[in-house]
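As a starting point, one isolated chain is supplied in structure tokens, in the form predicted alone.
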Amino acid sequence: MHDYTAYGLSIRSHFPVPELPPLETAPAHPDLRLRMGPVDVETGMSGREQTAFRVTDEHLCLRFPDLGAFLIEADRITVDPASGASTEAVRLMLVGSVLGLFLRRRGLLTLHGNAVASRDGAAVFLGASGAGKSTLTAALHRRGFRFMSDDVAALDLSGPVATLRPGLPRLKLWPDAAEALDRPPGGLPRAHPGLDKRIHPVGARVATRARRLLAVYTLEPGRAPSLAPLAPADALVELIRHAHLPRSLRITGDEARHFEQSAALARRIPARRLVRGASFDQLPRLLDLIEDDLRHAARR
């Protein structure tokens, strides 16, 4: 058995998953169990050449043509790899999209975003792929912020304050961003077989507990760094637009809940439109804007 932790969960796996942070003390009752085994992928599924879903009240089954099938239940994920599938690719799907869907079914608000934490709380950065979320996260981490998550931001809205759960200690960076941040990409694994984006270990200053959420930022391109507040209605649009795996919301029946959670977050937490600037030379100015804004948010 292998024991791990991620997103505030204790995880026991029947197979090694080196992408997950190890858990030093084995839990008596893990929140999630991972196992290999057969998954019935045919019943209720259509189409053999594309991703397919089967959804019931008890489970969510997914099939990916080149990877295999995954069965998500209340406290367990079963993995059934396709013949000839890369073990690494199957694990990356497991700790990415599949784990994100598990978190959603556990009632968390999952967003396509990155996050860091200061001593006062956490900040989430939303944006389309290529918007610069990982680059900004790496730059803030180098400035002394704690790393929280990359790609999947998992928010717990059940308490008196919104909190962000720590994810996997890894960053996915394009080669030019990695070089600009003194992180040579040579020899590191690819985030996807068809992309030159590399997975970088984070190293020091990794958050290990949930943090109070201070602010949400939406990243946009522009000529010069700037920051402006978003009205709650505009923030709601951005939160819906940047859901984690947005196309699956309707299929899994989570559209209404995601809307309600996003509306609640937009009312509770300040949101900002963040223009990143046109070059890496403008990055220090962008970081200054964020740090100053987070200091003000912490005093709310």
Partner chain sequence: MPPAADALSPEDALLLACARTRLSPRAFESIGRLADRQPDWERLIGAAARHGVLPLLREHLGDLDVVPGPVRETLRRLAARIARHNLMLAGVLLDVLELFGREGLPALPYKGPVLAASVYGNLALRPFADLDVLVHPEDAPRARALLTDHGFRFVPEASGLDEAAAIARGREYRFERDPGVLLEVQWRVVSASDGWRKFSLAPLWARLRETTLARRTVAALGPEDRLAVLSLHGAHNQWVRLKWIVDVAEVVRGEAVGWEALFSNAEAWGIRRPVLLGLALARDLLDAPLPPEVRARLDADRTLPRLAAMVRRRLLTEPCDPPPELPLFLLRLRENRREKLFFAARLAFAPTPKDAARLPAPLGFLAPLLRPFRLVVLLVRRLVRAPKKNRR
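All values derive from a computational prediction rather than experimental measurement. Positions refer to the first chain, counted from 1.
Omitted here: the form predicted together with its partner chain. The next part is about that form.
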Handout entry: in the predicted bound form, segment of 225-233, 94-102, 81-89, 160-168 with a heavy atom within 4.5 Å of its partner chain
Key = 225-233
Handout entry: Interface membership of residue 250, its partner chain in the predicted bound form, 4.5 Å heavy atom rule
Key = yes
Practice task
May I ask you to check whether residue 134 falls inside a 4.5 Å heavy atom distance of its partner chain in the predicted bound form?
Solution key: no
Exercise for the section: Determine whether any heavy atom of residue 55 comes within 4.5 Å of a heavy atom of its partner chain in the predicted bound form, and answer yes or no. Expected result: no
Practice task
Flag residue 120 as yes or no: does it have a non-hydrogen atom within 4.5 angstroms of any non-hydrogen atom of its partner chain in the predicted bound form?
Solution key: no
Handout entry: Heavy atom within 4.5 Å of its partner chain in the predicted bound form - residue from 264, 237, 36, 26
Key = 237
Problem - Contact test, all of 220, 241 and 255, partner its partner chain in the predicted bound form, heavy atom 4.5 Å - result: yes
